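Presented below, as structure tokens, is a lone chain in the form predicted on its own.
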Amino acid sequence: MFLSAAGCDEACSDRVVFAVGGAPSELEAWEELAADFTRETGIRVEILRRPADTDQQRQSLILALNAGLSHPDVFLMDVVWVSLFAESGWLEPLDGFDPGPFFQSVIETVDLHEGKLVALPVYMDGGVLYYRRDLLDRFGLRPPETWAELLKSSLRVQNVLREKNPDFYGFVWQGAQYEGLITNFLEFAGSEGGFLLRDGRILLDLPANRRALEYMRDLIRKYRVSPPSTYTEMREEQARLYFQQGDALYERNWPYAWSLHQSPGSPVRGKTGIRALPSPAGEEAVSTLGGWHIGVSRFSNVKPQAMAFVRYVTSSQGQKKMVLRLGWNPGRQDLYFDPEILAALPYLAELKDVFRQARPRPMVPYYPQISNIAQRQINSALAGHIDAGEALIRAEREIAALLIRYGKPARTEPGE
């Protein structure tokens, strides 16, 4: 199944350098997986540890690849980097790999470039809703299916609980000025919102987006079911900790938070439920696609060995090891039916449909610049510095100017 070192020429003995970032526990798991691979194949793998911060990881990879360096040979990419790396000609096609076991929608929207497979998903992500099951039971409520239901139940519960806990809020989510704000915005907007790509143009000033941004602002400023710190401080960990200490009814986050909520000593252990995100009334719910994909550098001097490592990492065997070690959401669909995995991580049964329907952000090489523009304007609206409509109009105009610099068509007036 994997390439063996036996019978290879001298180049085969060269190590494969794998660049990966993350928490210490993640890096330790990668070290173990690399050691397993070496024992099976004889091919050495050197882990090039990168910072946990995704922006720093991206920049370090761009510097190496733009310079045409032979190392790293293999690396992980955030889902929104793949199109940039592919368009830049930095990714070696994964010829001979079977994408069948993976989520088809993800392969088609993320991992194909000009008809060639250039990456594979290792770790899937999508926004989900956590809720206090004990509190919903106490108040005779059910998990919300729409954003309106979430608001109504948040007000009902927090008005009672604040008599003893003035810091209790109905709903915590990511509203600070960073990429997480965009993922939340797309989910609030639902199936009719987002970045609409049309004839090379990106439209943002849409009715669904206006309603979503107004609702996000009102959660903080009008209804006060989300903390005032939402637009200044709330990222994944801030929201996770707030919910986990027992001070919120609902939390929007990624699946990683589940195992932490259920960890020994957690105040919400055994009291937390997980489900798909609510939807705007009359629309389909949306979960923003996240996750990490693996690819091989076009400049690698050990491509056969690098390909063997990628094949091992993305195999059922390799991904299962990482799932059981880290509680990750595998890129392979077949593992969501694995009895051993479901016994250890039963919530994965709820996530497979979330990932099948997850929506990617615009898969264009200049997406980081688009996101930075949208983040700034949307966050300004949450802060009350500008109304929702004007924020989207300004963002769309700035994006249009950006596309002109990239030689792309762009409309100049909203609603045109």
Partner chain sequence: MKKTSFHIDRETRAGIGFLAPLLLCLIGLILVPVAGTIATSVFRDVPYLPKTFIGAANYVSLLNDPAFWRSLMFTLLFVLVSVPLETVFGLGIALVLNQVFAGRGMLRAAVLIPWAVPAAVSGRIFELIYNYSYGAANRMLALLHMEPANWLGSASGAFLGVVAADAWKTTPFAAIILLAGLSAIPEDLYRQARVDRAGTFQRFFRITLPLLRPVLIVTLLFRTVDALRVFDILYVLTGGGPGGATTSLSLFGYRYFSAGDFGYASAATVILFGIAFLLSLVYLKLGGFSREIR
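Computed from a predicted model, the values in this text were never measured in an experiment. Positions refer to the first chain, counted from 1.
Absent from the display: the form predicted together with its partner chain. The rest refers to it.
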Query - Partner-proximal stretch of 297 to 305, 102 to 110, 119 to 127, 225 to 233 relative to its partner chain in the predicted complex, 4.5 angstroms, heavy atom - result: 225 to 233
Query raised in the report: Hey, in the predicted complex, does Pro365 get a heavy atom within 4.5 angstroms of its partner chain?
Result: yes
Query raised in the report: Wondering, does Arg49 line up within 4.5 Å of its partner chain in the predicted complex on heavy atoms?
Result: no
Query raised in the report: Is Val268 close enough to touch its partner chain in the predicted complex, meaning at least one heavy atom pair within 4.5 Å?
Result: no
Query raised in the report: Going by a heavy atom distance of 4.5 Å, is Gln59 a contact of its partner chain in the predicted complex?
Result: yes
Requested in this report: Find the only residue in Ser70, Gln357, Gln369, Thr38 having a heavy atom within 4.5 Å of its partner chain in the predicted complex.
Outcome: Gln369
Query raised in the report: Which pick from Leu136, Leu84, Ala276, Ile341 sits with a heavy atom within 4.5 Å of its partner chain in the predicted complex?
Result: Leu84
Query raised in the report: Within 4.5 Å of its partner chain in the predicted complex: all of Tyr242, Ile373 and His385, by heavy atom?
Result: yes
Report summary line: Looking in the predicted complex, the residues of 111 to 136 with a heavy atom no more than 4.5 Å from its partner chain, listed in order, are none
